[in-house]
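Take a look at this single chain in structure tokens; it is the form predicted alone.
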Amino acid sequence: MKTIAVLGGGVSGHTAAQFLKRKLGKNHRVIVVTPNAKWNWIPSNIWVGIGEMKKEDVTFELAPVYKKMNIEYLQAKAVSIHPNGQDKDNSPYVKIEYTGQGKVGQQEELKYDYLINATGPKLNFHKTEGIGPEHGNTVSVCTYDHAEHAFKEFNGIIEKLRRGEEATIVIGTGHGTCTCQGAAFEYLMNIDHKITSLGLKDKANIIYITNEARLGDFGVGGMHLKKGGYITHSKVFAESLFAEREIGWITGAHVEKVEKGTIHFEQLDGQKRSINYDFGMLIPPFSGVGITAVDNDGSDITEKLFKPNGFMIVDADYTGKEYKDWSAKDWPQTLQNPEWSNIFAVGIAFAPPHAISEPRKSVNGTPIAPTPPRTGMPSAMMGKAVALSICDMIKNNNTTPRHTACMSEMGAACVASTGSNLINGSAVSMTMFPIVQNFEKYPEHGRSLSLTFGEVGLAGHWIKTLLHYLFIYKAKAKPLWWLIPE
């Protein structure tokens, strides 16, 4: 009997655990270690943040689902990985610390045969002074509790507008190296739709602030779209959306500090500027969650398993190439660690070889460019691929993964709502193939023009609503859940 430990119960980890158990059955142990008691469909946190859903609509308790699937569940966080065991016992294990189940603070050693790191990101609010809902002056939609708090604060702005007072709303990224521009974009559009539907737009000044060098980059270098026989960049697509809605934008911005009522930032031209605001939602930068690695003699080997940013090393090319030398081949195929063949990382937990967008610095040398997104659809696909590889490795008693999930070979679809009403709501529907530009295969634009597109309309909103219920159904392991694609 083999033991597979999955660190993290988010989209990628939960997907991996489900497929592992379905394929391996009762003959092997699947254990999920996650500090959270609830599973969260994060894309719908946006709707919680504007009051169109409650946090109960986007979450469910993990324990009953894992019990039903015969998956062991430990509400705990990983502290350290010991890939070579300790002393004379070379059995690998991970040290965990409980965050629930009546054992808060207790530590224990969990032995494993295979390990999947699906821990997701640490929300680094501390990287920018004054951002964040707990110790700062801005709100967040990164968790369901954050989103619930954001709605309460937004409600105060609505009341202010109703009194005839003016208000400035700033949504975007809170650091020069942030990712998840899509989440900020979607929240911005929903805020705008809500205010417009209430007839309060004339009193609201809505501004998007981002580390993207131009609108429509989304951390993937932008996309080229074929419309009416013409090929245009997603910059035009995004700017037209903003112009139609009279939303202002600030690009190429690194937020340095947020005081109550004022955001201070530096732009690519090196100028330091500030903007006054009444309501702000700024996405924080991400890092790995801070797990260490320890050898069997007790020495620290964290640098062998993790990059300095805390993300896990996998089968990528980390040689530090110049931008002009970047290649689709740099990106990992199997997500297997090169030194320990029984360790994998999926979703945000793996260390990308480099950004997808062109790296940029201000004239002062400050990095201002998005880091690569690895959430949602790609995360689930990685989780499934690694699960299937481990199943094959167990059954065939080998160390070679057979299944791949490479971001330069997979596409992704994103549906960003711009209003949640089923009758007059809307959504921006975008697909791209591949996620990471492959100029060897698509020399002109790096992506397939026939498989990369963007549309705006009510149908997209219906799709996003349907996906909300489908993916929660799938995550709850309801009948035939595995037939729903990632």
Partner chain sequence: MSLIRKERPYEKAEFAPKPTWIVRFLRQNVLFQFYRFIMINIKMIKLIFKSHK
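Numbering follows the first chain given and starts at 1. Quick caveat: nothing in here was measured; it's all calculated off a predicted structure.
If you look for the form predicted together with the partner chain, you will not find it shown, but the lines that follow are about it.
Among 351-359, 194-202, 115-123, 337-345, the region lying within 4.5 Å of the partner chain in the predicted complex by heavy atom distance: So the stretch in question is 194-202.
In the predicted complex, His146 touching the partner chain (heavy atom, 4.5 Å): Although the partner chain is absent here, His146 would stay clear of it in the predicted complex, with no heavy atoms inside 4.5 Å.
4.5 Å heavy atom contact, Ser240 and the partner chain in the predicted complex: Yes, Ser240 lies within 4.5 Å of the partner chain in the predicted complex.
Leu225 within 4.5 Å of the partner chain in the predicted complex, heavy atoms: Result no; Leu225 lies far from the partner chain in the predicted complex.
The partner chain contact in the predicted complex: Met432, any heavy atom under 4.5 Å: Result yes; Met432 sits at the interface with the partner chain in the predicted complex.
Candidate from Asp392, Glu109, Glu409, Glu256 lying within 4.5 Å of the partner chain in the predicted complex - any heavy atom: Looking at Asp392, Glu109, Glu409, Glu256 one by one, just Glu409 meets the 4.5 Å heavy-atom criterion.
Sole residue of Ala369, Val415, Leu268, Ala293 within 4.5 Å of the partner chain in the predicted complex, by heavy atom: The residue from Ala369, Val415, Leu268, Ala293 that makes the contact is Val415.
Residues within stretch 139-172 having a non-hydrogen atom within 4.5 Å of the partner chain in the predicted complex: Stretch hits, in order: Glu166, Ala167, Thr168.
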